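The data below hold one chain only, encoded as structure tokens and taken in the form predicted on its own.
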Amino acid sequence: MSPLERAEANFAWKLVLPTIAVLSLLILYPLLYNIYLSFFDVQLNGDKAFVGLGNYTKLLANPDYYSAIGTTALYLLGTVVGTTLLGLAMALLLKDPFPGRGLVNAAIMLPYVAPVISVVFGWQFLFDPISGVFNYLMVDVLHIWTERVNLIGDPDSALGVVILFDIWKHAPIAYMLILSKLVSIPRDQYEAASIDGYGPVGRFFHVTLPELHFVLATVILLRLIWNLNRFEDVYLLAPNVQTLPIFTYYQAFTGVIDQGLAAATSVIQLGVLCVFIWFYIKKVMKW
């Protein structure tokens, strides 16, 4: 390197060092400390006893852990597929300009930007077994059910409510990402496909879908990464739905507290997240 290039490199490092220091303090240190704790039996008074892989062995022998994995898999499948399909459907319906589209877009984005605590309370009222609108419609108006049910209180049905809530709240961001790509597709591609004899369905599969390949992959992988860590939405709406973040929280802070076991749970979850992130960077972003 020439003296000028060396000086520019040193200056560049000086610019990024504060950011690196902050990220190390806020992210890297807690991450490494959590891995460190996963090898110890942590007492409430702060004492730690080294147990090696004992926490991991104990975790893999815990049937509740596998139940949490199954719940998380269903949650991921329902939310990622539902969010992507709903966002795609809305984008296809609203891609062409029409009067008031800006207001419609603003209304669609409201669930995503609204504070989670406020919309959670709204959904809890909606499904309340006594005064909720949903039970009123199902029992008193439509007469589909003979009695009111507590969908959020019942763990068997609470997962479905949580999935619907996540789809409703996060489909707008999928809609905006897909729409931004959809409106940039050249119209002459659709005209050429029409000349070749393709109808609306054929144009969707031969023109629209290939053009949306990158953004759809981005939406799916980002939703997988985000929802694998999703805590506040699930816990506030239905704490009886034990996805992996909720399971980790209960292990670390409630009942028979076992922070070493909770740390081991989060380390395994981190490994899964790293696989998703690597796949996203290598296969989607192609870095």
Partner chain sequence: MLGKRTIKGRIGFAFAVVMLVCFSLLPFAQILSTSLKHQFDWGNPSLIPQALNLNAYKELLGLTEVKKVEIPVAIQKILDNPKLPQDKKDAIAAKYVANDNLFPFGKYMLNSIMFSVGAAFISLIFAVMGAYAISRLRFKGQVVIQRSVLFVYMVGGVLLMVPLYQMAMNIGLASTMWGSVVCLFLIYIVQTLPVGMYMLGNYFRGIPFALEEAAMMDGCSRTEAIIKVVLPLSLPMLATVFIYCFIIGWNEYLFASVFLKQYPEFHTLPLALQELFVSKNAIWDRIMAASMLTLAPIVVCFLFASRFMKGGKTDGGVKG
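Numbering follows the first chain given and starts at 1. Because the structure is a prediction, the values reported are computed rather than measured. Rigid core (definition): largest C-alpha set, two forms, superposition within 1.5 Å.
The same protein has a further form, the form predicted together with its partner chain, not shown here; the description that follows concerns it.
State yes or no: in the predicted bound form, is some non-hydrogen atom of Leu159 no more than 4.5 angstroms from a non-hydrogen atom of its partner chain? So Leu159 does not count as contacting its partner chain.
In the predicted bound form, does Tyr249 have a heavy atom within 4.5 Å of its partner chain? Taking the distances in the predicted bound form, the answer for Tyr249 is yes, it comes within 4.5 Å of its partner chain.
Give a yes or no for Ile220: in the predicted bound form, does one of its heavy atoms lie within 4.5 Å of a heavy atom belonging to its partner chain? No - in the predicted bound form, heavy atoms of Ile220 and its partner chain never come within 4.5 Å of each other.
Hey, in the predicted bound form, is Pro111 touching its partner chain, heavy atoms inside 4.5 Å? Taking the distances in the predicted bound form, the answer for Pro111 is yes, it comes within 4.5 Å of its partner chain.
Within 4.5 Å of its partner chain in the predicted bound form, counting any non-hydrogen atom, which residues from 3 to 35 show up? Contacting residues: Glu8, Ala9, Phe11, Ala12, Trp13, Lys14, Leu15, Val16, Pro18, Thr19, Ile20, Val22, Leu23, Leu25, Leu26, Ile27, Leu28, Tyr29, Pro30, Leu31, Tyr33, Asn34.
So, does Leu44 move by 2 Å or more at the CA between the shown form and the other one, with the core held fixed? Yes; that C-alpha moves by at least 2 Å between the shown form and the other one.
Is Leu15 one of the residues whose C-alpha moves 2 Å or more between the shown form and the other one after the core fit? Indeed, Leu15 is displaced by 2 Å or more.
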